[in-house]
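Only one chain is shown below, in structure tokens, and it's the form predicted on its own.
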């Protein structure tokens, strides 16, 4: 199957947050123009090898709203020039509340954006300040309201397990998200990442993660959201098709500094430095820093872990067809080592229960 999904990485931020390990930096003079020029060349190279119409396109970062509306028109033109889009394609843009303007929303609406994912993280000002976010809770509220008024499907990201976060403050943020008209809510537990200001946080300094997550699993379905993946809840019909392609082990093209792609069993990751990325492209080469062609067993185990992220789990028929019966039996045996209340298995396949999702990392590590 040819790749029908495209990810674009925009490597700019106004300021790095205390928890963020994604490749991004504050843009210096001329860097946004350099980025668009180099990205144009990479898209041209990638498009020659991948001619299938795109079903999904996801523009993330970093902070894509660090590009001006005029630069967004340039980016949209580059994508239209190099790729065809299938009818009804899902196009998602990430945005930060403080940098997303009405002009951005107008450009996206004029183009083909269908979905806006806003980095809210919390509706509590003290928590936002602690994280190093550059917006306040009121800016987040206005951003969500403004994006909804343009008719987009809107997602909000929220983080739990913050140092000092109380169950009450988490509950208030989640309640506000659920009552804001959002089509989709993504929940992420804080994980101290190497190279970030919070990398040295120990378990005793982190907030509780289990209880807030368990409560979200109980509360959000009562408000009309279905948990279709470990971290994602959506109203029916509003699931992220782009991310589902990842979890179903689908192929995708990655473009931009530090972007990753997966084509024909080969994973690649682009050069992270914008300057070196641009230099490589100028020489006529694809800007890949690393790549790996997965061995069949490793590919099968990675596909199993990805599938188990979703509430639908591993479809036995599809997995056996794509990865082989022996690999399916090996994965099933790994899951069956755990207590029965953590998973369900039947003729259709294997899936984690809600309780299993709460300890999913333990199960995945045994499979990998």
Partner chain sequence: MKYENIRNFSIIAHVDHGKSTLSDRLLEATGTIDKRNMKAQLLDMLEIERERGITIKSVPVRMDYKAADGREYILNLIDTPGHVDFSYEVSRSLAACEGAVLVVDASQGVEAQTVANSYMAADLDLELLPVLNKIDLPSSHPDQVKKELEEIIGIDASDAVMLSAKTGEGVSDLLERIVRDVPAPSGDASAPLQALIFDSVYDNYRGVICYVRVVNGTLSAGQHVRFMATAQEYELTDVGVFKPDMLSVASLGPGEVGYICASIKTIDEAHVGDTVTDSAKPASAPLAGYKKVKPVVFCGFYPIEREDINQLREALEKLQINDSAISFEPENSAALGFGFRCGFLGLLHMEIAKERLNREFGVDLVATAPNVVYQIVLTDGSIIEAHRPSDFPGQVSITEIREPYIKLSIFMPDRFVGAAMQLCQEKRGTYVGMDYIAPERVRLTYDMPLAEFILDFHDRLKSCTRGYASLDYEHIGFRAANLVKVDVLLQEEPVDAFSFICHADQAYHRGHAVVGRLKELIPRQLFEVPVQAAIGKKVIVRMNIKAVRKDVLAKCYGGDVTRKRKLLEKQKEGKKRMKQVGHVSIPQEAFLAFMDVTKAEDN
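Numbering follows the first chain given and starts at 1. Being a predicted model, the structure only gives us computed values, none of them experimental.
Keep in mind that the form predicted together with the partner chain is not shown, yet the notes after this line are about it.
Shown alone here, residue 278 lies farther than 4.5 Å from the partner chain in the predicted bound form, counting heavy atoms only. Within this chain, residue 48 is remote from the site of the partner chain in the predicted bound form, having no heavy atom within 4.5 Å.
Among residues of the shown chain, residue 306 is one whose heavy atoms approach the partner chain to within 4.5 Å in the predicted bound form. Contact between residue 219 and the partner chain in the predicted bound form is not found at the 4.5 Å heavy atom cutoff. This chain is displayed without the partner chain, yet in the predicted bound form the stretch 331-339 from 331-339, 318-326, 28-36, 62-70 comes within 4.5 Å of it by heavy atoms. The partner is absent here, but in the predicted bound form a heavy atom of 189, alone among 189, 226, 180, 114, sits within 4.5 Å of the partner chain.
Think of it this way: in the predicted bound form, the partner chain has a heavy atom of just one of 85, 246, 215, 150 within 4.5 Å, and the residue is 246.
For the three residues 125, 134 and 233, a heavy atom within 4.5 Å of the partner chain turns up in the predicted bound form in no case. Residues of 344-368 that come within 4.5 Å of the partner chain in the predicted bound form, judged by any heavy atom, are 357, 358, 359, 360, 361, 362, 363, 364, 365, 366, 367, 368 in sequence order.
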